[in-house]
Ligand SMILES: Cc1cc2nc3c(=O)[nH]c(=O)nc-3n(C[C@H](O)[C@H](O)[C@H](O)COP(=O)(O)OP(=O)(O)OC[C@H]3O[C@@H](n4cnc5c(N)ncnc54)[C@H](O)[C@@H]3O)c2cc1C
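Just the one chain here, laid out as structure tokens, in the form predicted on its own.
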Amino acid sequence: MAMQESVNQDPLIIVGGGLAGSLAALVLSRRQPDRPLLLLEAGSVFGGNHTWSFFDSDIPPGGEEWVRALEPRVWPRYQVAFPGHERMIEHRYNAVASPRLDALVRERLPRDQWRCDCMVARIEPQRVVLDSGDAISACAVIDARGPDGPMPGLELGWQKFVGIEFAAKVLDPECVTIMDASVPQIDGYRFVYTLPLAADRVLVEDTYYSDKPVLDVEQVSTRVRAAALAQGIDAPEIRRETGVLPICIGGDPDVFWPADDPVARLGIKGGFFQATTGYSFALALRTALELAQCDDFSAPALAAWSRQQFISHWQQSAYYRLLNSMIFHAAAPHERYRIFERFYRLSEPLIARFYSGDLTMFDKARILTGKPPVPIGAALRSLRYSATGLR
């Protein structure tokens, strides 16, 4: 979408140097090198302490060069396991580590276009006020910080996890386990995720689809160590990462993001995440590429553009919210794994389209047809609730 050129020479300020903010700054700097830009990050590094995963089929057109620059670890196949079903799928899976994103920002952005350890006290459409009291003027400001609390207007479930990286080898370094739900079901749908990051490093995560965002890090860390030991992993710990990601069940987009909100948003702050899986890499890269095609960076134009991006994503995610309603409203917490177990019996191309958000009408019907993995009455109530109670 082309927009008229702004004459304001103040920089575009992106507040938040996580995945979405960093990718937006990187792509924009490359595509529009003469445009003033400033990326502000509260922490000491860009990207924090995270691992972002995605499938080859998730990569948006034009994003391939950025994926290569991020040097992902790539596996040619992945596997899933459930109490009644195990499967190997021949589909490439990727993971990007946050230290590489941090290095890329420092390599590619001019030194005057980024600041770390920069605490922002207040965001306005055309300036930010720092904790120090200093203010920085901008042609526009983009809020790309992660959510700092409740997300009004959205009904959410939560995907929460603790991951520990061990200095250990695994039996098959060319295969990642993205879901092992053969473990005891606790606090909702629980599964173990195992990424062999290198010949001598492996990341094991304990993940939950839970009704509440509370994460007992120490308790779950103990479960991670037990899950690792069950795989024969008994080695020193290198690092630990945690996350509490929103899973969107429904809500009112006009409450979450009012039409008169004058500040642009990106990332999870703007609702840009895969509604069912919580994956954010593909959306962050796609919105960064689309931002770089704009040519009016005035605050009103950019706020309107970013909100329209969210509205389009919201509309395209309606089917995923329906599925989430079934997961969280129709299935008892300890039975939620049955929904995923049934899903992973479907065809490999359909599974790939599910993750990339490219489901056909036939795909959507296929996922819902057949014997439901949850009680029929609860499933019907969930569908009615999704259709009538939420937008």
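Each residue number is its position in the shown sequence, starting from 1. Because the structure is predicted, anything quoted here is derived from the model rather than measured.
Heads up, the form predicted together with the named molecule isn't pictured, but that's what we're talking about next.
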Query raised in the report: Ala352, Leu346, Ile59, Ala42: which sits within 4.5 Å of the named molecule in the predicted bound form by any heavy atom?
Result: Ala42
Report task. State the residue from Arg145, Arg223, His313, Arg321 whose non-hydrogen atoms include one within 4.5 Å of the named molecule in the predicted bound form. Result -> Arg145
Query raised in the report: Which of these stretches, 261-269, 305-313, 215-223, 71-79, has heavy atoms within 4.5 Å of the named molecule in the predicted bound form?
Result: 261-269
**Report entry** Partner proximity in the predicted bound form: Phe281 to the named molecule, non-hydrogen atom cutoff 4.5 Å
**Finding:** yes
Query raised in the report: Is there any non-hydrogen atom of Thr242 lying within 4.5 Å of the named molecule in the predicted bound form?
Result: yes
Report task. Please check if Tyr337 has a heavy atom lying within 4.5 Å of any heavy atom of the named molecule in the predicted bound form. Result -> no
Report task. With heavy atoms only and a cut-off of 4.5 Å, decide whether Val105 touches the named molecule in the predicted bound form. Result -> no
Query raised in the report: Is any part of 10-28 within 4.5 angstroms of the named molecule in the predicted bound form by a non-hydrogen atom, and which residues would that be?
Result: Val15, Gly16, Gly17, Gly18, Leu19, Ala20, Gly21
